[in-house]
Structure formats: structure tokens, C-alpha cells
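A single chain comes next, written as C-alpha cells; it is the form predicted on its own.
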């Protein structure tokens, strides 16, 4: 079997500036945050990012000046940050292009890409103004080969005559995921909710996975039905314990409320964001240094998931 193991720096080196990315996870859960911090350190930029419902991992990438367009449902860290601060500020200032879809529409778009279809029909967004409001100008669409020629098409179903919405497929250069377990050969195990990670992976030309645990194929093959992303679709595997921090990973650790609040408070202003980047991205040389900077063993132990829950029910969660 092919060995697909990479170091974090080498994995980031494979991802070129200007690439299109699908980033897995959902709001405060299971994002490949360590890999994104490495992309920032390597000064990759000009990304087009597609996401389901992203959190501060994508907001950090935006704040560092690495993203030119986002197509997603929303960016937030739940009640800790109902609207991601850089996302809002960069859109309002015209520094970031944004095309908004509903969650169900993004699911349909990634599903189309995974199935090799050019579009997918959905009933989502009917009855809203999302079909009338374009984030991209006709000029932007014309000069950008990555952009769909239009946001969506409203048509009559040829069978029922009912109105349906056709949304364009998403296919990306890279899919970046963080999972619980992976083998050196690229067999992947996601525990708990998958969100859209499987569809994202199958809709991408290359998939890079960071994982909490590196395990043998034999262990994962005992329950093959739980390995929903085939190994041939995965091109790189990086062992990065706590690689999603400050986000949570089901059965391993909870999200870090203190750090998410620190990040979102910092990112409310440009000066605050610069200080955050200097402290937690540019000021650390690797993942071990980052984990020490966020509180080290004591802080990380407090986030560990409790058996039978998948998260830490004793964790103090607060919004201020």
C-alpha cells in the first residue's frame, strides 16, 4: 500500500496560492485548523473557499489576507460569535467577494460535484430573496473561470411542473479535512457527524487529511462501513493531535470556549487581529509550540471528551 504520510509543512507546501479549497467541519467542530495556520505562515493567498457552515478557522484565513472569495451558508462560532468578525468586516469593506447559499443548497452543490453532475435540483431558497441577490457581478463571473456563470436557475420541473432551483456543482482543487483516525495509506474514519466532509472529499481533485490518531488499515477494516471516504481519494495524511483546536473533535476533545472568545474579541479590530496572529500563528514555529501558547497540558486536559458523551459535559461554556 502507498504511504501517504506527510509532515504539516510539506502538506501545506502542496497547496498553491490561487487554489480552490473545500474546508471540512461545521462551525465549532472538526476543522483542519492546524493546517490552515501553516498555510498562513507559508503566505499562501488568493484562495477561493467553499464551505458548508464554517467557523473561526476560515475567518482566521480571511483575516490573514489569504482569501479572495467565499461561497458558503455562513461563518460563525455559534453563540460565541454569531457572525464571524473578519468575514463581516472584509465583506463590508469590499476586500472579500462572497456568494451566499442556504445550507441545503451548499449540500446540493457538493453532492453534484461528488456525483460528477453539473448541477443539482433543490427546493431550498424558494420563497427567499437569495435567488435575487447575487454576491458576484457579471464582470467578476466573466473574468473568473472558477466562478459559476450564474448563482442559480429557477425552472419548472418537467415532471411535476413544480418550481425547482438548480444550483451549480462545486469541484475544488483541494479538500482539507480533520478526522479522528486515518491510516498511512489514506483510509479515513470520521466519528460522530460527518457534516459534508464525504461529499467535499469526493468533489475535490486532491484530499489532504489531518488526524488525531494514526492507525493501521487492519483496525479500520474491522468496520468497513464506517470508512466513508475511500483511500484512493486521499492524497496526503498528516498526524496532528489537537489539530482542530480551538474547535472540537467528537470523542477526543471539546471546543475551547476561552480561546474562541479570545479569538473573536481580538478579530473585532485590525490591531487585535494583528496581535492574535503574532501570538498564535507567526509567533509559533509548529503545532507543539501553538499548543503551549494556548495553555499547554492543563488547558488541553480540561477539554478532553468524557467517555460515552463524545464531548466534555463539565466544560464551562460562556458567551462573555
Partner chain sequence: MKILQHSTTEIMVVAAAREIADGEVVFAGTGLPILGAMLAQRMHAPNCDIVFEAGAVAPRMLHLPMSVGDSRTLFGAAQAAGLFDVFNYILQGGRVDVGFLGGAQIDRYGNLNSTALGPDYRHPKVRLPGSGGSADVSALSSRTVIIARHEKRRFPERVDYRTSPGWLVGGNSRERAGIPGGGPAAVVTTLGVIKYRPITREPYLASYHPGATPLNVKAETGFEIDCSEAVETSAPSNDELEILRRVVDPEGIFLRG
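Numbering follows the first chain given and starts at 1. Please read these numbers as outputs of a predicted model, since none were measured by experiment.
There is another form of this protein, the form predicted in complex with its partner chain, and it is not shown here; the text below is about that form.
- In short, of 24-32, 287-295, 59-67, 273-281 it is 24-32 that has heavy atoms within 4.5 Å of its partner chain in the predicted bound form.
- Taking the partner from the other structure, its partner chain in the predicted bound form has a heavy atom within 4.5 Å of a heavy atom of residue 92.
- Residue 100 belongs to the set of residues with a heavy atom inside 4.5 Å of its partner chain in the predicted bound form.
- Taking the partner from elsewhere, residue 53 is found to have a heavy atom lying within 4.5 Å of its partner chain in the predicted bound form.
- Residue 183 falls outside the set of residues with a heavy atom inside 4.5 Å of its partner chain in the predicted bound form.
- None of 235, 88, 189, 239 but one reaches within 4.5 angstroms of its partner chain in the predicted bound form through a heavy atom, and that residue is 88.
- Site annotation in the predicted bound form: the residue of 148, 214, 73, 166 reaching within 4.5 Å of its partner chain with a heavy atom is 73.
- The partner is not shown here, but in the predicted bound form the stretch 195-210 reaches within 4.5 angstroms of its partner chain through a heavy atom at 195, 196, 199.
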